[in-house]
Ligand code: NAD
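This document starts with one chain, in the form predicted on its own, laid out as structure tokens.
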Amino acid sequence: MKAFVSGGAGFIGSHLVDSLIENGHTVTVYDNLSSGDKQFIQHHLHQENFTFIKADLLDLKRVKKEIQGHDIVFHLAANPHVRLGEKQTDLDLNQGIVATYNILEAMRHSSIKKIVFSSSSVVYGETQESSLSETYGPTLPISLYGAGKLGAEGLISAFCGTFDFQTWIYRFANVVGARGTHGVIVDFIEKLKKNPKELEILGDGKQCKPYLYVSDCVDGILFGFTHAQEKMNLFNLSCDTTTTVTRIAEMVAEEMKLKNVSFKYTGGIRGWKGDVPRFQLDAQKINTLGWKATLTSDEAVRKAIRDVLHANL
């Protein structure tokens, strides 16, 4: 299989590339390195079955040229920072919707029919449901990041219906682990390095979400791709447990061997505008197919904390 991986130098993308290469596939990474890191794929640069292209998905002409000859597209490129949309309102429009259109249009011109897309739990918006299944609706995101992901899903669905594409769309829980460059774990570690006595926590600390370890995420992506063969394959990808923000803060302090850290809460139920404070994903659909996360949410968080701390030594 010859795979084109957009965002392949990013956090999740680089782990997916590792798995694809390990399984003997030929991989092209297309990444502008705006949030990715070439170091994450450095160990593949000498391999004959690997190509790295530094370019932007907003350059449709370039995408059309480079995508030719591939069997499948794994589309992971996106703005990874949910909060940036509040200050740059066209960011997720361009990096989410326009970039996805360019991928799909390039695929159409090259007669590539298969696309795997990394969506997000944020497409569901803020709901009163205790557990969200793929059939929940209406999907009403409260962040521009979520709107970008939902818009991209819509485009992919339309190309499947109009041009006979096949897709695998994954709505991720919060993915954590080695090579993570942002998010609550990285934020807490950086804050405690600056002030080991006090930690500012956005919101009330009661925000509660599922955290999925990155190797579980990649395994789930490839498992679904291998085992689900409908025209439209939509899956939640999550463990079946959750972790509060305060518990993450406690684990970070424990792993950094800090005692008597004072937690200072900024207040409110959410950390920032567009933050969904509490949710759980129902992953029964892919569980029934045969995949299940190997780590609980707490286990994923603790392992990710150790990953980040080790990387910073």
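Predicted model, so just to flag it, every value in this text is computed and none were measured. In this text, residue numbers run from 1 along the sequence as written.
There is another form of the same protein, the form predicted in complex with the ligand; it is not shown, and what comes next is about it.
Exercise. Decide whether Ala9 counts as a contact residue for the ligand in the predicted complex under a heavy atom distance cut-off of 4.5 Å.
Key: So Ala9 counts as contacting the ligand.
Quiz item: Does the ligand come within 4.5 Å of any heavy atom of Leu57 in the predicted complex?
Solution: Answer yes; at least one heavy atom of Leu57 falls within 4.5 Å of the ligand in the predicted complex.
Self-check item: Any non-hydrogen atom of Ser34 within 4.5 angstroms of the ligand in the predicted complex
Solution: Close contact exists here: in the predicted complex, Ser34 approaches the ligand to within 4.5 Å, heavy atoms only.
Quiz item: Any chance Phe223 has a heavy atom within 4.5 Å of the ligand in the predicted complex?
Solution: Phe223: no, not in contact with the ligand in the predicted complex.
Quiz prompt | Contact residue in the predicted complex, chosen from Phe74, Tyr145, Phe188, Tyr213 - any heavy atom within 4.5 Å of the ligand | solution = By the 4.5 Å criterion, the partner-contacting residue is Tyr145.
Quiz item: Exactly one of Val123, Ile115, Cys239, Ala78 has a non-hydrogen atom within 4.5 Å of the ligand in the predicted complex; which residue is it?
Solution: Of Val123, Ile115, Cys239, Ala78, the residue with a heavy atom within 4.5 Å of the ligand in the predicted complex is Ala78.
Quiz item: Exactly one stretch in 282-290, 262-270, 26-34, 247-255 has heavy atoms within 4.5 Å of the ligand in the predicted complex; which is it?
Solution: So the stretch in question is 26-34.
Quiz item: Are there residues in 169-204 with a heavy atom within 4.5 Å of the ligand in the predicted complex, and which are they, in order?
Solution: Contacting residues: Phe172, Ala173, Asn174, Val175, Thr181, His182.
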